[in-house]
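Presented below, as structure tokens, is a lone chain in the form predicted on its own.
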């Protein structure tokens, strides 16, 4: 794009709203664009609370932190963080079931054929065991072990990634400090008026409660569900996905830590939703996501409190939401990031990923001037794709079930899913194939983990498996399973590794 006149260039970026989304955005933009001379200002009001319940992440967060120069040990110590190798799902396929969606592969592909195809042929043999017996991060989760992946691609210890579980109320101040060190100016105040340019409809300035005016060229809306700019002013619209994901409320409460410090998040299905358990260094985060069509607020709160593993540390907090996304996440000169752009329940810890992806795509497409129709269209196309593919993956957890013990599960099991999900499930049921996305968050191993974990077993398997003698395959499976178990045993205890890391950080 040819550069425009100085008056047309984008020089001033205004982030409206703090919290995780606001300060991640400010930190990302200032780290990557600050050296180019762009000015980043963040406006937030101490009188407006933050949601602050999203504590679990996906491995992509490490790349974000590394890119903007965050020291891992300092971050872990400042946010009471723990490491995360996967997510355990309890009672989803059937009551009593448990499986882990790991951040890594199952087994090793052979002759271009995915490992689970070999496993599927012999899955009925007792000595072959479960698919998760061939996943190093799953075994490590079960045994409470952790260490960073090896840099040696020949080692099985290189076949996984990791994420973090942290205190969101500590993470935002940590990101704020990081952003302010890189030149972000914070303004305390509440926005009471928004000025729009008559012809283009772009936002030109914001007026704060004390009368100050803040001008800007590009505005980032991080004001949460309210969508102060993207919806209240620009009326970008909202795609409601509650026909497939009817959960519309959550209740959250932290409790005292109890038991071992597990390197994974747990999601336990209940009669009309599910609950999360997230172990942190100083406490455990808990919440219950549910559908108000099938469960009252009082019953949901009671279910959550009854299953706490330690004493509650505060009164339960209620949240209400509508699952879906803005029809245009970038409208005119406003980009919605975080809850202002949409909400997908935190079943697979995707909330912070979508914040990060919104920031990363904006940086990639960052326009020189206000004439940014091409960049805006590509940003919206990309983010629509991200939201829709995560939506389908979440629906899979509810739809791929044998549960018929409540009206909620009967509804979810028998509903008509989006065509995009139905076609993927039919393909897998036939011969265990999962078509890989060219773009999308969840890769083939993630789909296999949930499909197999929730008893969606293929009727057949890849015919190329029959090209290798049965005794040779069985010998390979036995050796691989033993090797995975041995490798997991060589890893450190999660709590011990974490203690050593944070002690070093505190001493620095």
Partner chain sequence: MSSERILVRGSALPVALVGAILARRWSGKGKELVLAPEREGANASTVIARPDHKNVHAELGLAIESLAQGAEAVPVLAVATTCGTGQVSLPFSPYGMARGGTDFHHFWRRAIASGEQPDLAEFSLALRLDRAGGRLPLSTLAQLPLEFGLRMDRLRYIEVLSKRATSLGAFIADDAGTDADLIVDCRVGSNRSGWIEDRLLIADENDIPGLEWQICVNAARRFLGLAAKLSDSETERREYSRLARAESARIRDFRALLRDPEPRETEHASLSRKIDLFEACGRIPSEDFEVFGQPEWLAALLARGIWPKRYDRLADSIPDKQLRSWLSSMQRQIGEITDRSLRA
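Not measured: the values here are computed from a predicted model. Positions refer to the first chain, counted from 1.
Although it is not shown, the form predicted together with its partner chain is what the next lines describe.
Visitor: Can you confirm whether 10, 364 and 437, the three residues that make up this candidate site, all sit within 4.5 Å of its partner chain in the predicted complex, judged by heavy atoms?
Guide: Yes, all three are in contact.
Visitor: Using heavy atoms only and a 4.5 Å cut-off, determine which of 256, 188, 405, 378 is in contact with its partner chain in the predicted complex.
Guide: None of the other options qualify; the answer is 378.
Visitor: Under a 4.5 angstroms heavy atom criterion, identify the one residue in 431, 317, 95, 181 near its partner chain in the predicted complex.
Guide: Filtering the options by heavy-atom distance leaves 431.
Visitor: Mind telling me which stretch in 476-484, 55-63, 459-467, 445-453 gets its heavy atoms within 4.5 Å of its partner chain in the predicted complex?
Guide: Heavy-atom contact with the partner occurs in 459-467.
Visitor: Is there a non-hydrogen atom of residue 125 within 4.5 angstroms of a non-hydrogen atom of its partner chain in the predicted complex?
Guide: Residue 125 lies outside the contact set for its partner chain.
Visitor: So in the predicted complex, does any heavy atom of residue 427 sit within 4.5 Å of its partner chain?
Guide: Residue 427 belongs to the contact set for its partner chain.
Visitor: Would residue 441 count as touching its partner chain in the predicted complex under a 4.5 Å heavy atom rule?
Guide: No, residue 441 is distant from the partner.
Visitor: Give a yes or no for residue 68: in the predicted complex, does one of its heavy atoms lie within 4.5 Å of a heavy atom belonging to its partner chain?
Guide: Flag for residue 68 set to no.
Visitor: Can you name the residues of 18-45 that have a non-hydrogen atom within 4.5 angstroms of its partner chain in the predicted complex?
Guide: Result: 32, 33, 35, 36, 38.
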